[in-house]
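Read the single chain below, which is given as structure tokens and is the form predicted on its own.
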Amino acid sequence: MDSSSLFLPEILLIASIMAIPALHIFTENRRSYSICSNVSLVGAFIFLVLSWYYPDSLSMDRDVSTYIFYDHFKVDAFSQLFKIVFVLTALIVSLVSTSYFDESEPHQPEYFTLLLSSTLGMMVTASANDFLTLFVGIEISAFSSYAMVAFRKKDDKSTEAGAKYLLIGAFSSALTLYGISLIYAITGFLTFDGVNSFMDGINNGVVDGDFSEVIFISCLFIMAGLGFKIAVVPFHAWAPDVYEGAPTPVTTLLAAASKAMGFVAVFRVFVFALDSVYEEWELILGIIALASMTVGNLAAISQNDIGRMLAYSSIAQAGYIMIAIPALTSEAMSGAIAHTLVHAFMKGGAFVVVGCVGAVGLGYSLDSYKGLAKRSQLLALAMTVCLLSLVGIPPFAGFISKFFLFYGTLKAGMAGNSWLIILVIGGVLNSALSLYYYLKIMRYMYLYDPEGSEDIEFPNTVRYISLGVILLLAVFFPLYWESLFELCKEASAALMG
């Protein structure tokens, strides 16, 4: 089979993006839109796994570990691992959306088309091999997300969240593009390899000239632009409002997949393209990491709305992941990749439960979770597993990924950059601090009696997804952590070249 077939998952999504509007013309069956979305995502997932990790199953001869197409796209262990996460998250969102939106909900063809378009943009970002392709992939995903956030046009919170997300997203795109333009002005390259080689030339004295100030400014603008995408301090203010106002399945996509896409972009740019000039940006990223985990956790403590609380928690989690980037070692980056992947399932699973509780009419405040264990043991257990994983309590998956993240960064600090130890200490202390508000949610679920009637039927789809999240975070990841971490090591090696 030809290596270009590695892009069949993207082609499958494009075909479904065109097929769903056609279905709307020829049929009034609303289930057909979600079925088309689900089938394409399942097909993409199966092909991604088989083509990369089991190439013999598709009669593929994988002689090399990296494929580069037209200098714009790179297919390697890093891109394929994150594509699997994007597709899986989108599949969960697609399944949950079927239960979240009732039969009379208008514009469902548009919704599922936007969901697939956003996923396609994430996959393009994962395979981007130059700044322009990276920017295009981010924007394809972002423009689809803007419309999805404001999907419920008659809901004031949804439209307000969509407007804020659009304006801030446009501003962040402008900052990113300006930073890229400065990089191009200095180096004359847009490809990551070209920029990396030019920066190496500066360090080795092969390239004449002092570009340190311009490089610093360009790094600052790119970090500011991408900082909005991953919602780190001080570029985080939009996240709580958008997470609260967007339809909860869309919030799941933003908190799990979109944040992971943002980190893919950050990793590609700073860990590979600009690693030769890390002196220009390492301290900035370290300060952002420490500020994000601290501000996120402190702000989460006072929240009463569960969506806003998890939004600030997501900001803190982004801070944890960021500490590995200044370390710039394979071990630290393997931990960062592992925690980024696990975070997608932890936060995605939590928002699936939040969406279900809200969809059945219980609401989105902490009081909505009073006695949830008496209404549904499975949903309460799923939420508990996700929250304990987010804290990093053993033996759950979040503990394992966070341990490797902190351990890898600590080793880098002890080997030379001693200031990195401060970031690790900050991460440990903030993890302990986060336990307060996570335990508060669990206290409401298990120690309080439910308000009102206990006879509430939760959708079977959400039950199955909750069971899957429990098995992943509490059984599968902990039991097979060596194999999974080996995949993260391969992805880290592919990323760092």
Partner chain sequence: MRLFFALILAALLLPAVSGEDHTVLVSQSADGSSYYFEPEVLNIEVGDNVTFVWLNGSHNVVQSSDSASNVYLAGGFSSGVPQVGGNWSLPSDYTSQDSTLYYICEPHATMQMKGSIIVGTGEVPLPEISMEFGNFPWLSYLLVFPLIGALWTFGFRDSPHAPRIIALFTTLFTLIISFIVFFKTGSKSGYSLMEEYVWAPNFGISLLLGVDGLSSPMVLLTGIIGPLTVIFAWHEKEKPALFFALLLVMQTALFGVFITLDYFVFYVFWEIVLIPMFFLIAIWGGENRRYASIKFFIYTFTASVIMLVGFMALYFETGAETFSMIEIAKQNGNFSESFQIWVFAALFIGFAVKIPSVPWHTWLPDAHVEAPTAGSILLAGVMLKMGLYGLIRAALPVAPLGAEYFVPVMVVLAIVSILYGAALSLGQTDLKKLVAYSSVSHMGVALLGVATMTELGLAGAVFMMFAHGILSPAMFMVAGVLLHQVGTRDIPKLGGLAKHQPNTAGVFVVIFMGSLGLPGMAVFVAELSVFIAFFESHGYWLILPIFGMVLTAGYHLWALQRAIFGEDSEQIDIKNVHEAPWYEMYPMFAIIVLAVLFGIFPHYLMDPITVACYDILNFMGVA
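Keep in mind that what you see is a predicted model, and the values were worked out from it rather than measured. Residue numbers count along the first chain shown, from 1.
As for the form predicted together with its partner chain, it is not shown, yet the points below apply to it.
Asker: With its partner chain left out of view, which of P395, P234, G201, G363 would have a heavy atom within 4.5 Å of it in the predicted bound form?
Answerer: Contact residue from the list: P395.
Asker: Within 4.5 Å of its partner chain in the predicted bound form, heavy atoms considered, which of K157, K411, K153, H107?
Answerer: So the residue touching its partner chain in the predicted bound form, by this definition, is K411.
Asker: Sort through 457 to 465, 38 to 46, 66 to 74, 434 to 442 and report the only stretch with a non-hydrogen atom within 4.5 Å of its partner chain in the predicted bound form.
Answerer: Careful reading of the contacts points to 434 to 442.
Asker: Can you tell me whether V391 touches its partner chain? I mean in the predicted bound form, with a 4.5 angstroms heavy atom cut-off.
Answerer: Because a heavy atom of V391 falls inside 4.5 Å of its partner chain in the predicted bound form, the answer is yes.
Asker: Would F399 sit within 4.5 Å of its partner chain in the predicted bound form, counting heavy atoms only?
Answerer: Result yes; F399 sits at the interface with its partner chain in the predicted bound form.
Asker: Is there any non-hydrogen atom of V428 lying within 4.5 Å of its partner chain in the predicted bound form?
Answerer: The answer is yes: V428 has a heavy atom within 4.5 Å of its partner chain.
Asker: Evaluate H24 for contact with its partner chain in the predicted bound form, applying a 4.5 angstroms cut-off between non-hydrogen atoms, and reply yes or no.
Answerer: Output for H24 is no: heavy atoms all beyond 4.5 Å of its partner chain.
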